[in-house]
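In the form predicted on its own, a lone chain appears below as structure tokens.
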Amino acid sequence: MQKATEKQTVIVDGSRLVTEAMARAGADAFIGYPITPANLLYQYSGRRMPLFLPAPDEITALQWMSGLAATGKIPVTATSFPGFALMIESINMAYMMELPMVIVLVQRLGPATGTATCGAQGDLGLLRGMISGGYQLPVLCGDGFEGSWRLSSLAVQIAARLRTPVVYLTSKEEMMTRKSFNLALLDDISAAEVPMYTGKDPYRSYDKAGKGVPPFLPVGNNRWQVRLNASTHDRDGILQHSTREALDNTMRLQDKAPGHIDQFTRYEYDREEGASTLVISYGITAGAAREAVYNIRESGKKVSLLVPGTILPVPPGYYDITDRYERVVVAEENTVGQLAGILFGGRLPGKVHTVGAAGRMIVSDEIKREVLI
């Protein structure tokens, strides 16, 4: 797909844009097992990525991705909840080994296998707690075609920059809906590069250099030995139990994503002067939230809007924004308020209200009614 230099309207879906954006950002391998509603990402990647490997199952997909990442590639896969559940142990392994990769998680209705052809926004709680020890992976989510283009490419760049798995979170509707779109609206994308070790001393796989991110060397290089270890280890990658160096290395992992949060904090904040109510929504529901905010303003009431693109770790700036408002309405396509709970805790403050749904998309009038109560 060519980047348009002038108006060029095409019929396209989000899966094609995400695939193209990630390829331009430096992703050079796709390993996957087909699953609805991520099938189009699998199909397009087979034509676009330099390397494409169809895996026999999701566990194998993540293991192959880890092997490819160890050789210097930036692999991508795409799945939905049932497949992602099988990947979690291997994602934890890749997290500990500090291997760059991106997992596109296309949300669908659950629990369990749920309904493959029905969308939802139900996987945030899982993503927040998926790394043993409570550590956080970067989780990004775009909305609309332009947002999907920007945030999916950023996911690849952050995976490379921080030597970590990154989850790009999306939904059935975002990935499968085809509509007309002007390609000239898309930003240029720079290819990511994994920071490489260039020193003269023997390589230490998990050295503290690089502001908490060790420089990388691929296995099989012609100069230095590379040790990659998924168990607790020291800076050389040698298995340790609970030595000071090994525990310091483990704590460094805890601080890595939060410590670099400024590099991948992305959000839209549509602030209206004098508004006392803030609407928060993300992903597919953000479109309904924008429509609701527009209609509320047309009726004469002031309201502001926050659309997070960076979901995890939660950027501190979100709290600077929410603290300014007397009332906060969080709209998301689930019935338990997962985003609201992540932002505000299990016992929501009195000023926080939720709009949810199961088995269908949220419409703007539902958000409007909650704001105008």
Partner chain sequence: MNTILKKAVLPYCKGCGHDLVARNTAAALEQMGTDPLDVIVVTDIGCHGIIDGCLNTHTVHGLHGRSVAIGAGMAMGLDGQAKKIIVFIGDGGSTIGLQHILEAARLNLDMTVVVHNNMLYGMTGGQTSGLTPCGFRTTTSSEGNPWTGYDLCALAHTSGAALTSRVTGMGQISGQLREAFETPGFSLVEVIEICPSYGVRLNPGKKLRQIIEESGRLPGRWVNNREPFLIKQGEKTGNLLEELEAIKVDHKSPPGKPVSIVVSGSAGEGIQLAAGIMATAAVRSGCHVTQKGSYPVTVGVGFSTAEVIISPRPVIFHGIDIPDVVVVTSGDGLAHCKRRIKAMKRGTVFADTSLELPETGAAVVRQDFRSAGIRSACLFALFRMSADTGIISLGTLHRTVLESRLSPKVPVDKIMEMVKG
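None of the values given here were measured: they were computed from a predicted structure. Residue numbers count along the first chain shown, from 1.
The discussion below concerns the form predicted together with its partner chain, not included here.
Novice: Counting only non-hydrogen atoms, which stretch in 91-99, 134-142, 75-83, 265-273 is within 4.5 Å of its partner chain in the predicted complex?
Specialist: Checking each option against the 4.5 Å cut-off leaves 91-99.
Novice: Quick one: is R223 in contact with its partner chain in the predicted complex, heavy atoms, 4.5 Å cut-off?
Specialist: Yes, R223 sits close enough to its partner chain in the predicted complex that at least one of its heavy atoms falls within 4.5 Å.
Novice: Would you check, heavy atoms only and a 4.5 Å threshold, whether T322 touches its partner chain in the predicted complex?
Specialist: Because no heavy atom of T322 falls inside 4.5 Å of its partner chain in the predicted complex, the answer is no.
Novice: Applying a 4.5 Å heavy atom distance criterion, does Y44 contact its partner chain in the predicted complex?
Specialist: Output for Y44 is yes: heavy atoms within 4.5 Å of its partner chain.
Novice: Please determine whether S66 contacts its partner chain in the predicted complex, using a 4.5 Å cut-off between heavy atoms.
Specialist: The answer is yes: S66 has a heavy atom within 4.5 Å of its partner chain.
Novice: Looking at L126, V219, L253, A191 here, can you tell me which has any non-hydrogen atom within 4.5 angstroms of its partner chain in the predicted complex?
Specialist: Of the candidates L126, V219, L253, A191, V219 is the one lying within 4.5 Å of its partner chain in the predicted complex.
Novice: Answer yes or no: in the predicted complex, does its partner chain come within 4.5 Å of a heavy atom in every one of P34, I296 and K301?
Specialist: Contact check failed for every one of P34, I296 and K301.
Novice: Relative to its partner chain in the predicted complex, which residues of 225-253 have a heavy atom no more than 4.5 Å away?
Specialist: Those in contact are Q225, V226, R227, L228, N229, A230, S231, I238, L239.
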